[in-house]
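Just one chain follows, in the form predicted alone, and it is written as structure tokens.
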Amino acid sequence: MRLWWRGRRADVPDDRSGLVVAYWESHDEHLLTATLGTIARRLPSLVAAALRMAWQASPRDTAVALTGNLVAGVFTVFGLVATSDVLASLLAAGPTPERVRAALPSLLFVAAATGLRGGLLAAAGWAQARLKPQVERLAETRLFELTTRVELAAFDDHDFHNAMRRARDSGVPDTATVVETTIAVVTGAVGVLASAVALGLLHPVLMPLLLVTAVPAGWAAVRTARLGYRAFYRLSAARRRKFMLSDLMAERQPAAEVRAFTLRDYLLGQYAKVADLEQDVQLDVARRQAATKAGGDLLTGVATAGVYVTLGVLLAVGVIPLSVAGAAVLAIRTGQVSLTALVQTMNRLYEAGLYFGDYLAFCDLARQRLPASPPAAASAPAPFHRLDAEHVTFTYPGADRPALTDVSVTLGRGEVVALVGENGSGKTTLAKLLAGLYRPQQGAIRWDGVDLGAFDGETLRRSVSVIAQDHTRWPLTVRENIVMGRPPEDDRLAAACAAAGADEVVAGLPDGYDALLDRRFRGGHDLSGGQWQRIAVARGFYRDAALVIFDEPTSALDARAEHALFERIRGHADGRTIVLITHRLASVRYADRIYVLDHGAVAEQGTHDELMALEGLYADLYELQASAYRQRVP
């Protein structure tokens, strides 16, 4: 990986040749080039989608948040207009007490309008605060309902996986942000409209003055945000490098090698280079943002002075009275604050809306990748009598060639069937097809003559147990790691652990089956690779399945434990079918049938003795492994 940030530079080009652009950076160009007009044109669709999501999460809170802000705007208008009456009474001729008494009704009206406005905004704010967690939960739930149901092959599709990560990491949190900023945009728009209406009621000629004072502040807000986006864009690749380095220096997994290879100074030096770059760019952007804000404030001051001069001229020529001019100043200041906030919020809404759009797009994409439900799903027979793969061909998404080509295998009830072959020969892919996790593009997998596609996927998988080579180390208790969501039965749990040799692992843990297997949590425990493998095998034994698939179940076990486990696996085959995938061919000698795969095709099949007599690929691999044990050191 080329380190393009070597040396300290304040003006860093947008060079990304050293790192591939990450999925979370897909909208950076949009944020850099979007104009206020672009943002305004996209607002209606964003607001509509956000309000639909908010309404589905909580109709009551959505209604309160919107209604509260809208009605508060009405009271803003009343308060500003009434302020003119108050000033007219106070500035009228006559004794001061009489003027105060004359102003009292209008003052009470202003106070009531202000109080009601404050109460409505408080209620709307409370409802809005309640909406955020509800919207986030709704968005997450919808996402995970889809990600846990889509066909497994979708996760092998690069584009689908990136879309999912954008939706999960940015789209879900920005869903709540879109709802929040949508309501803020509504609030800002209502505030601007209220000020404009108040000015129009005071005198129509006053309405344009609001825009004159707010434009400079709005320009400064957009310009400041754009500078921030540009800095983020320039630093995004460097930040990823920084995050990677921070993980290397602060996480448990690489800690041993950091010390063993004395990498401390090297990693700190690399980190310092990236941190220097980040600091230089941030300081440069802070300077430019401060200059932009100062320029906006200066222009706002000039515009405000122009407004006051205009008001003075209108007063001098008798177009408006002094009381109206005073109320107009208050209305303009109120509208100016609302309009500036509106412009800033529109910017935030546009940014969040891009990722919210990713979330919506992914949900649509995921629905297209859901497994098709058969019109009348059959109940999977358990146990089956015969499972056949007939001329199946399977290609992973984006792959140049098939992982399996025209493969046919047969599994009988109670048999132990071994799949062997060199790396990349298609053993694991075939096992996943037999388990119904993948569906072949050609050919069929038949369960007692019925195509697996005729079964409901959930129903089928209750009759299959798969212990993958890269089994998951769930951050749960020992018991939960083995029962995997099924009802816990103590006798069955103990039998599964004994069959897998995991009872020795449990006996060595202080909390036994209740031991938490994750050191990141207080009281958690860590297991060795071999211990985890026994827990995973116990998981397969606990599941009362007609078909049990073990993919390299002994790769982390010592020779004695491996021999014992294979003996238990053969004993577990009583009434069940066992598919065993392994590179250790001495362990499959007693399998009922062995399929030898080579480059995605079945090259040989038969018993151990039959395959040895063929003197083909199996015999070559077996003799190669056996010769290593026959060699003696002189």
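What you see is a predicted model, and the numbers here were worked out from it, not measured in a lab. Position 1 is the first residue in the sequence shown; the rest follow in order.
One more form of this protein should be noted, the form predicted in complex with a small molecule, which is absent from this view; the next part is about it.
**Asked** Which one, Q289, T477, T300, T428, lies within 4.5 Å of the small molecule in the predicted bound form by heavy atoms?
**Response** Only one listed residue qualifies here, and that residue is T428.
**Prompt:** What is the one choice in P105, G508, P488, G424 with a heavy atom within 4.5 Å of the small molecule in the predicted bound form?
**Reply:** None of the others qualify; the residue that does is G424.
**Prompt:** Thinking of the small molecule in the predicted bound form, which stretch from 383-391, 169-177, 416-424, 211-219 has heavy atoms inside 4.5 Å of it?
**Reply:** Stretch with heavy atoms near the partner: 416-424.
**Asked** Hey, in the predicted bound form, does D503 get a heavy atom within 4.5 angstroms of the small molecule?
**Response** D503: no contact with the small molecule in the predicted bound form.
**Message:** Can you tell me whether D518 touches the small molecule? I mean in the predicted bound form, with a 4.5 angstroms heavy atom cut-off.
**Reply:** No, D518 is distant from the partner.
**Asked** With the cut-off set at 4.5 Å between non-hydrogen atoms, does A403 touch the small molecule in the predicted bound form?
**Response** Because a heavy atom of A403 falls inside 4.5 Å of the small molecule in the predicted bound form, the answer is yes.
**Message:** Can you tell me whether E136 touches the small molecule? I mean in the predicted bound form, with a 4.5 angstroms heavy atom cut-off.
**Reply:** Because no heavy atom of E136 falls inside 4.5 Å of the small molecule in the predicted bound form, the answer is no.
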